[in-house]
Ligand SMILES: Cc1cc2nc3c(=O)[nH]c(=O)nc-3n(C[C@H](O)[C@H](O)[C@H](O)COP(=O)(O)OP(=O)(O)OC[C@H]3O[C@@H](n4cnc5c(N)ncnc54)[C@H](O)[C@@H]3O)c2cc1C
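Have a look below at one chain only, the form predicted alone, in structure tokens format.
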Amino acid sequence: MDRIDVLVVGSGFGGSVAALRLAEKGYRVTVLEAGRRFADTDLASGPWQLHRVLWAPRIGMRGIIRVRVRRRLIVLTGIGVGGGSLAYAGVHYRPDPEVFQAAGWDRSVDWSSELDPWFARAEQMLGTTTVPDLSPGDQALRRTANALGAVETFHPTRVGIDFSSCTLCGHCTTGCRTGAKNTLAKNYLRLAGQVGARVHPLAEVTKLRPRSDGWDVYTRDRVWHAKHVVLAAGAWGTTELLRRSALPGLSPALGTRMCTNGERLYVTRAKVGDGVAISSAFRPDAATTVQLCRIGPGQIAFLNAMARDDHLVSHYGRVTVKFMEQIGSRAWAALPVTGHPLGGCPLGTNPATSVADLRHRVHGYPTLHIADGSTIPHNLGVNPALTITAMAERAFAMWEDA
């Protein structure tokens, strides 16, 4: 059996960074991914192709989005080689510096300054650029911002999309068939493979067990052995896996600080024009971002608000009414949905209030590491993909060469 130095659980933003940076340092890296591998042409040509969009293998659906339903919330997460990048809108935000002053962030680190160079590296790797043209829906959002006295905050989004090959079909979140969206399979994972990392799809990890020389990692049909394990299964997946594994001495903080991005999502049917999934945004106050979203070619539109503090979305009704006035339509559904589950494994120096240390090593288990949204302890108020990537870049830069 091949020796594995580092076994990475999950191939999303944190796991892909781990695969590349540790393979570059000379470690023998294997990535286990619960979902399947996709070519661009395997992806759905529209949201009606549910078997290509949703992940429900028991009924023959092996798509890119896993749906978890709870009493008051629907949680959507990416699944497949490339993780969340398969289904995300490609939006890249750096959080405001004051975000890192919120409860849960360890105050011994100046996170805003500490992460600044890693944000730059993540943007370079993910191909961040600004949406070049505004659609009629974007212009309507600008007029909405103006009516609310916030026009100076209106902006086209920054996204990981190659506009030289983008057809503005709006199917970014159901799967980009043109290859224009810079999914992780096109950057981190592709480069990781070139330096020796191996990715095994359809290998869902069910539990972990420590051993004297590392870890036993269980999938449904095999036990893998590795010296180090990096958990990158997402906020829900990593927290759930640690609970299921019941490792002795885990911090009581496991499962704390779980949150969403405070989303409020309103759906309308209106002609907003072709474009990428999330093409523009504005900020009605300092802690809230309102985005124009679409699925498909400009007929089904969403207004998505993300607020760092839940009470600040109380004025979202005014935003919605103003936008519907601008496009001559009305909101016909409000959805309790999040695509951004966060927290569950906060970082810190105190094992009583954090699951892992500031180098992302689980307290009491120095060869067990966490690199995904579970380490973000508070609502960011913006799309989290870039922050997860930057935090992982920082974490794995601290590893010594093999």
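The first residue of the sequence shown is number 1, and the count goes up from there. As the structure is a computational prediction, the values presented were derived from the model and not from experiment.
As for the form predicted in complex with this ligand, it is not shown, yet the points below apply to it.
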item: Listed range touching this ligand, judged in the model of the complex by heavy atoms within 4.5 Å, from 140-148, 104-112, 245-253, 229-237; value: 229-237
item: Exercise: His340 in contact with this ligand in the model of the complex, heavy atom 4.5 Å; value: yes
item: Proximity of Gly78 to this ligand in the model of the complex, heavy atoms at 4.5 Å; value: yes
item: Exercise: Ile388 in contact with this ligand in the model of the complex, heavy atom 4.5 Å; value: yes
item: Non-hydrogen atom contact Thr173 with this ligand in the model of the complex at 4.5 angstroms; value: yes
item: Heavy atom contacts to this ligand in the model of the complex at 4.5 Å, residues of 18-33 in sequence order; value: Leu32, Glu33
